[in-house]
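Before any questions on how it binds or moves, here is one chain, the form predicted on its own, in structure tokens.
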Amino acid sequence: METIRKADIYQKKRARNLVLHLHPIKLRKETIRFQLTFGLGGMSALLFLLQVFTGILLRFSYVASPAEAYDSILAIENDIFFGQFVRNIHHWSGILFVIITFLHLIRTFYTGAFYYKRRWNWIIGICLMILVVFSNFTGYLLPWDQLAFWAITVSTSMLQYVPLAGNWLVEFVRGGVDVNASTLLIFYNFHTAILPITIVILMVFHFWRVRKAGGVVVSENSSNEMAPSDPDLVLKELVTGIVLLAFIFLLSVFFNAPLLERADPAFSPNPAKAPWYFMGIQELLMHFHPFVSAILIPLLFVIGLIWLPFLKFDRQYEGIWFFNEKGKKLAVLATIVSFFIVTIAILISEFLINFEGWLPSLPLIISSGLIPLFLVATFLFILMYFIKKQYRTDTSELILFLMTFIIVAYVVFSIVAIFFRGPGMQLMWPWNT
């Protein structure tokens, strides 16, 4: 009777508590282990809520017009009580939102939470990642300073290399030929309404799909021991959220969101760089034809991610970081190989190779685009063949190696573009840029 009475009390408590409705009454104890997920999904959701809350506060004073946008930001920082602090929180939480959402996506991959019954949730996660990036991207322009104006100018210019529809896409996104008042209004509406609403809808569906798949993925060999979600899981989520908020608040106290001089369409900074998450693509522009670097390679990567769970796998590795011990070694090997190979390839491309000059009779898209891409694809094919033979990998392990190689490659490209590209996008040491 005492057990029944306690259960009845818990059910009444659950009916009044929104937090408890987000979780089942009990979960497998293994799913609550912090090292399995590091709370990345919950942190992503919390950062989204923080973005929405601070964004609403900023909307009260922000004016979305080129004549007043910059001055409204100055007013927020200098004339409104805690205005600078709120803007700082919005800025830093936006950056962390992109980073942690990306880490959540690759955590899903490295713990094998993309196979078969979770395949559609994997695709939803990819869509959410893309939306998060574009949410940050559309907010990038709103301060209307030199950094924002020219970063968006550089980024949207990449669209012109889309075959047939390139120029139309640029004008559609900008609301004209150049970045102008229409661009600011379009970005403002997407940033404050369309993208947040779309993210909310997909997040709800994403959480529902997680529950439908049985919760967080765990190894088939893990214990079936159950634990109550309250307090075992709720308490961990609460502590993780408090630590994350504390970190953002401290960051916002000591480091202000950047704001350069007012946007000047007549004066371009040298170098003019894209937002930090697109810097890897901007670095690719230095080595490939723009269509290949800005359109084809990113498109192939996204298609590959979507196609991933539909591949035929020899074996499923669910709920185990890096699949197995061999997978851990392959991930380390891929990291080392990718770092050195990509670094050397950047130097060779910068100082030794000149397909455009060597093959002047060929169209640029072939000489500086398809030929280098073919060489890279050939190298990757040979590398994957060697790894498969040398380490006797199955499909999952081989894909783990390739995914790690690509991720590290993009990180290296981004670091080079951010820190080692100076005036004229020339390679130089960071202290000379």
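None of these values were measured; they are calculated from a predicted model. For every residue, the number given is its place in the sequence shown, counted from 1.
Not on display, but discussed next: the form predicted together with a small molecule.
Remark: of stretches 173-181, 246-254, 266-274, 110-118, the one touching the small molecule in the predicted bound form is 110-118 (heavy atom within 4.5 Å). Contact check for L58, R87 and Y140: all three have a heavy atom within 4.5 Å of the small molecule in the predicted bound form. V210 is the sole member of L238, M226, I80, V210 with a non-hydrogen atom lying within 4.5 angstroms of the small molecule in the predicted bound form. Residue G94 is the only one of G94, G280, P309, G327 with a heavy atom lying within 4.5 Å of the small molecule in the predicted bound form. In the predicted bound form, the small molecule sits within 4.5 Å of a heavy atom of V132. Residue contact check for A45: one or more of its heavy atoms lie within 4.5 Å of the small molecule in the predicted bound form. The closest non-hydrogen atom of I371 lies beyond 4.5 Å of the small molecule in the predicted bound form. A residue is said to contact a partner when one of its heavy atoms sits within 4.5 Å of a partner heavy atom; S396 fails this definition for the small molecule in the predicted bound form, lying far away.
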